[in-house]
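In structure tokens, one chain follows: the form predicted on its own.
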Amino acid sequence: MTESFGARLLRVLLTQRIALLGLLIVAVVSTFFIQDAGGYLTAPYDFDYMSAALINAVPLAMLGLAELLVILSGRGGIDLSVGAIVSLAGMTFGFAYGEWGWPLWAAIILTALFGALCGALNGFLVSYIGFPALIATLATYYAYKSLAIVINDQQPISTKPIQQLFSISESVELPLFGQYVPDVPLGIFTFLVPTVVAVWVLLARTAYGRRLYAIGTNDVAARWSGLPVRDTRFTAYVYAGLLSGLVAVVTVGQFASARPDAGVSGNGMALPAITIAVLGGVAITGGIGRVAGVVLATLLIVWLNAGILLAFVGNEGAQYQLLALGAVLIFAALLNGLTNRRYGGTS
């Protein structure tokens, strides 16, 4: 039977997550542009505002990629502790760079390695002890959060070197054609783009990436094929912790202060990161997910949140952002379930 145009379009949108996210981004941005033209927003929603909002995309996308790695590993893989690792690693960075006078590059390496160490504890509990990832990372979330708070008597570190780090969060003009487009936050180039490229290479161009997809799809078959299932899953949590450590450096720069609650204040950073990963097409059962989907899902969430802030007066916007985040998560979960039942998954 010949497939109709409507059925073909529906199949493409449901199975090609990149196409669906591109359509949703256009729909969200167009909606806020129309509202802006009609005078329904409290401030202009234009390209300058959208570019400035990208500062929030840097930590969200990096943590979304961290969740991509652990969820891909299968067996209910998830990391609820990434926000707490950001807080604790951020305090480590604050001590090293702001208090002990370490060079910036050495402090960044130390913070990344410390985050990897936190991730290694998660990986050990999940891969070698056999704890469910939800329970193991919830326990370490509490532990890391507590340590971040008590390590400096609940006080942030805001010495002069730390305050000067705010410069890494500033917007810069793009070379050659920068005068024609809005300035872009520097963190996009110094942290986000290298991370996106590194994770893409890891998943698409290395033997480790192929093993991770294999054990996420069916770890029993992978074990019988001779693949190192435990080591591969353990390493995914180590990488997630390392990315969280780098996000800690980003947040210290954004706040111009090493805050013990940087990654856990409010609803924390873990839940938005998980939402972005699921919205980006990462199957919660493991084995399915792409870097491009996580990046586009981040843009959708960031520009949606930026528009909501302009649509409401006062603190209402922040509350409606939470409502939108919950609605997006339900939508993404329903969409993934429908796609799996009808077409066998996304690509």
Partner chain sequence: MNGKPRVLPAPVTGQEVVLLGVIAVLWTALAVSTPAFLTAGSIQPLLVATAPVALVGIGMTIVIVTGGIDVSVGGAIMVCSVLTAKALVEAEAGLGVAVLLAVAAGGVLGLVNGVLIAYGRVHAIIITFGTANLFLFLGLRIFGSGTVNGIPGTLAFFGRGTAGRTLGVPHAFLITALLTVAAWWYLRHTAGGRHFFAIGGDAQAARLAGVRVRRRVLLAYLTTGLLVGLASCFVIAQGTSTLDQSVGSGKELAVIAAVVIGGTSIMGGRGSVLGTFLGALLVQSVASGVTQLGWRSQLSDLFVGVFIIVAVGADLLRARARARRNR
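Positions refer to the first chain, counted from 1. Bear in mind that the values here come from a model prediction, so they are computed numbers and not experimental data.
From this point on, the text means the form predicted together with its partner chain, which you will not see here.
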query = Y40 near its partner chain in the predicted complex, any heavy atom under 4.5 Å?
reply = no
query = Does its partner chain get within 4.5 angstroms of any non-hydrogen atom of I284 in the predicted complex?
reply = yes
query = Is Q35 a contact residue for its partner chain in the predicted complex, using a 4.5 Å heavy atom cut-off?
reply = no
message = in the predicted complex, is there a heavy atom of its partner chain that lies within 4.5 Å of any heavy atom of F234, even though the partner is absent here?
response = no
task = Report the residue, out of Q164, S146, S225, T206, that has at least one non-hydrogen atom within 4.5 angstroms of its partner chain in the predicted complex.
result = S146
query = Which pick from L202, V184, A96, L271 sits with a heavy atom within 4.5 Å of its partner chain in the predicted complex?
reply = L271
task = Please determine, with the chain shown alone, which of 248 to 256, 104 to 112, 213 to 221, 125 to 133 has non-hydrogen atoms within 4.5 Å of its partner chain in the predicted complex.
result = 125 to 133
ask   = Along 223 to 255, which positions have a non-hydrogen atom within 4.5 Å of its partner chain in the predicted complex?
value = none
